[in-house]
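To begin, one chain is listed below as structure tokens, in the form predicted on its own.
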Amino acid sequence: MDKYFIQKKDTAKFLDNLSRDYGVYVPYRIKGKEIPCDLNLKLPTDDYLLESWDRIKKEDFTFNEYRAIEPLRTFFAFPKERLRLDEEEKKAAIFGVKNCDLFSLKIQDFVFLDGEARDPFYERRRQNALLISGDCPSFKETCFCRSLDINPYPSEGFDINFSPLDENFLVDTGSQRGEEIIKSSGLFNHATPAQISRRDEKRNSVVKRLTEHLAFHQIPPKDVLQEIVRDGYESDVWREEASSCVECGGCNLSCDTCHCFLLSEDRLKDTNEKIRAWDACLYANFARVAGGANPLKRRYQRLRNRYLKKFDFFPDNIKLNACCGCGRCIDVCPGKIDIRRILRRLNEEKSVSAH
């Protein structure tokens, strides 16, 4: 695919054009909470929400420097929904998708599309969605994608990607649909070698800064995560870390790779409506069966189950860790449970026992 250039002032017109065929969602900036940085780096604390292009003032639209608050999966498997295929849904164009989000779709696609039964609701939304991703010129204190060998810029999985270049954008196309949209808009020029070189410099710079930042956290390499989680099955780390858990489910519901759900039936007039709602493995009744037995009765068991699913089950089945390093779970946890700290502690325990 080709590389293009667009001036910032033309971006709103591009989104206006898209809104004729898509429900367009864009990021806008809100004030976030400050999470102290152990390295005393002046990291940004603002957050971004994705909102409909039709509902915001055009001057409120901004390019998000890092991932938005809500996980990308909210566009493909709704937190609560009626399962009716006859309901019309407008196609979604999502601006501001980050590489951690794109990686998470590999997990979601495996769950909803690669089994014996394909989820028709997820499949339709995935096929209809236009993914407009963007580089991360900055990062939050809680971002740790590089620890999982995920770059803060996309190289696959998008239709169109925006890279900030001074006050404008260098744009890559990643699909035939994206290429056709760019060419038909009349707003883009072909990028010059100098612009491409400048973009690459900016990418290398943020990778270097993020790598330096993450060195302090001493997160184990992704290739050993399965081993340390398995070997730490009986570790006291689970009990100690789970002691501050309030079972709110925030870590699950904010996670880009979590996917568990409940099915129920609600009576609506003369018919029963099938309802699907997100579930969370930190909820007390997550594993309770009809007879009342609960193999994950204690909080520490449910916390451990979350990590075993991410770092043991998925590597065994698709050779990928089910974590994208977005750090959303750290942001939302009222108990200040930090996935980076748990992995580090498990690794430290294994190193001590080895000696």
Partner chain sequence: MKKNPYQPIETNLIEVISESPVIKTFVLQPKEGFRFNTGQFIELSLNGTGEAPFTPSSDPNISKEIEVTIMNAGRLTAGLHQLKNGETLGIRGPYGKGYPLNEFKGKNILIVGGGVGLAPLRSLIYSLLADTSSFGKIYLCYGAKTPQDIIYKNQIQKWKRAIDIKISVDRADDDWKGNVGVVTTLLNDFKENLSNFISIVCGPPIMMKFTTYKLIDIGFKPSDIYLSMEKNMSCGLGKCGHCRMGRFYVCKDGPVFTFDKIKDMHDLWD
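Positions refer to the first chain, counted from 1. As the structure is a prediction and not an experimental result, all values here were calculated from the model.
Just so it is clear, the following notes concern the form predicted together with its partner chain, a form of the same protein that is not shown.
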{"query": "Contacting member of 184, 176, 197, 271, with respect to its partner chain in the model of the complex [4.5 Å, heavy atom]", "finding": "271"}
{"query": "Of 261, 76, 188, 153, the one that lies within 4.5 Å of its partner chain in the model of the complex (heavy atoms)", "finding": "261"}
{"query": "Stretch from 319-327, 55-63, 23-31, 282-290 whose residues place a heavy atom within 4.5 Å of its partner chain in the model of the complex", "finding": "282-290"}
{"query": "Residue contact check: residue 43 to its partner chain in the model of the complex, 4.5 Å heavy atom", "finding": "no"}
{"query": "Touches its partner chain in the model of the complex: residue 233 (any heavy atom, 4.5 Å)", "finding": "yes"}
{"query": "Proximity of residue 123 to its partner chain in the model of the complex, heavy atoms at 4.5 Å", "finding": "yes"}
{"query": "Exercise: residue 80 in contact with its partner chain in the model of the complex, heavy atom 4.5 Å", "finding": "no"}
